[in-house]
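In structure tokens, one chain follows: the form predicted on its own.
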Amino acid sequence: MVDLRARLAGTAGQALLPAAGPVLGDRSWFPELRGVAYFNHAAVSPPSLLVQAALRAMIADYAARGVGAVAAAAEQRERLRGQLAALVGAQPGDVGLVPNTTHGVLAIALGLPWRAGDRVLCFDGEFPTNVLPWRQAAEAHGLELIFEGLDGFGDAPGQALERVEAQLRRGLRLVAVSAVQFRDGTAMPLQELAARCHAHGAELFVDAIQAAGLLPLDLRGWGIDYLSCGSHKWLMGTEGCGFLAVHPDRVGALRPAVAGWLSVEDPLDFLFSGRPVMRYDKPVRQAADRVEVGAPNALGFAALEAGLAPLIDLGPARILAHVQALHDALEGPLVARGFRSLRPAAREARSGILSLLPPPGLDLARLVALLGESGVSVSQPDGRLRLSPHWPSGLHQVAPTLAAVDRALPLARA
């Protein structure tokens, strides 16, 4: 983070730089954030002062220099590529920068060399991002899309893994899974899933948007074949950018369904060489960055680098322990008020999400709206009350959150 702050010093964004480094439980990097508790990072993270400074600096550079700012923005993206690679246990060459998680899923779902009859396993209850592209691939290539339930992964992963193993024995081409389930926060056993997939000749695709930045990920070490992630949740960037990481053993087999002018070898030579060398027959690059097909979201990637900075400084392990302490403080009192916790019993299956089922007779949408009016931001995915604090959240926010719940409960009874 010191390096990024130094880079931003003296730029148009300097006035927005935080006065000090990040501190767990300290919201001073977010002075404009309203309310008493923002427990909604599994939905969208608000931009910190550092993110705003990075955005202001880049847009000011483009305003001042126009095309002259392009090279600096490209250098920034290469720094970011290395940071993202380190975050997920990859190498910079394994990482392609994409507009969002879905773009990464589609790049693989529509780019694999499928054979009619190949079987793809998805999980019932996944966020649609990691299901609908596989359905599209199934329709286009005559694949068989099958589903397994998520029951047991948070409490008895051995039995749940055996269900996947049974499908693998019948023959699977690929298993698509979210690293963390958006409804109940279960962190999936990715390393074990990868090992079982490879033992049966299958591949593993991971949607990491609810995990990256908070939970350990190791693409190369665990044998994850493909991993896609957006930037606006736990990575604390802005919407509209993300990354796709591809294991180097898998890149060569991909057949890109979409290729653009930046996907090929030496895409810029005709612009900067001073010679008439433009060609349309250049080969598509044999690297993960082949998914970078056109003009990038330069502002979004500047924001992502700034969002990553405090995560790198604090360390994901410390942040996760901090978040779990908040979950500990919130879970018992909410259960005492009639909610049923869906928090995984296995500690290794816990994530940044604390999810609970509402008491009978409670209008959950009304409750969430009332909490919002009291300054407590939470979500309600698929009928669950979801709380997702991050490093700026603090234990001092627990008491006002519970007080807001107590005020809202009588008004939200159906």
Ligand SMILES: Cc1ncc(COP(=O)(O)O)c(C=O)c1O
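Predicted, not measured: the structure shown is a model, and the values here were computed from it. One-based numbering along the sequence shown.
Omitted from view is the form predicted in complex with the ligand, to which the following refers.
Q: Would you mind picking out the stretch of 97 to 105, 271 to 279, 251 to 259, 323 to 331 that comes within 4.5 angstroms of the ligand in the predicted complex, counting non-hydrogen atoms?
A: Result for this chain: 97 to 105.
Q: Is L214 part of the interface with the ligand in the predicted complex - any heavy atom within 4.5 Å?
A: So L214 does not count as contacting the ligand.
Q: Check whether Y226 has any heavy atom within 4.5 Å of a heavy atom of the ligand in the predicted complex, and answer yes or no.
A: Looking in the predicted complex, residue contacts with the ligand do not include Y226, since no heavy atom lies within 4.5 Å.
Q: Though only this chain appears here, would F301 touch the ligand in the predicted complex if you measure heavy atom gaps against 4.5 Å?
A: Although the ligand is absent here, F301 would stay clear of it in the predicted complex, with no heavy atoms inside 4.5 Å.
Q: Spell out, yes or no, whether the shortest heavy atom distance between F127 and the ligand in the predicted complex is within 4.5 Å.
A: Looking in the predicted complex, residue contacts with the ligand include F127, since a heavy atom lies within 4.5 Å.
Q: Are R350, S388 and W391 jointly within 4.5 Å of the ligand in the predicted complex, each by at least one heavy atom?
A: Contact check failed for every one of R350, S388 and W391.
Q: Go through A109, I209, V246, A306 and name the one with a heavy atom inside 4.5 Å of the ligand in the predicted complex.
A: Only one option qualifies, and that one is I209.
Q: So the ligand isn't shown here. In the predicted complex, which residue out of R343, H232, R290, R196 has a non-hydrogen atom within 4.5 Å of it?
A: Filtering the options by heavy-atom distance leaves H232.
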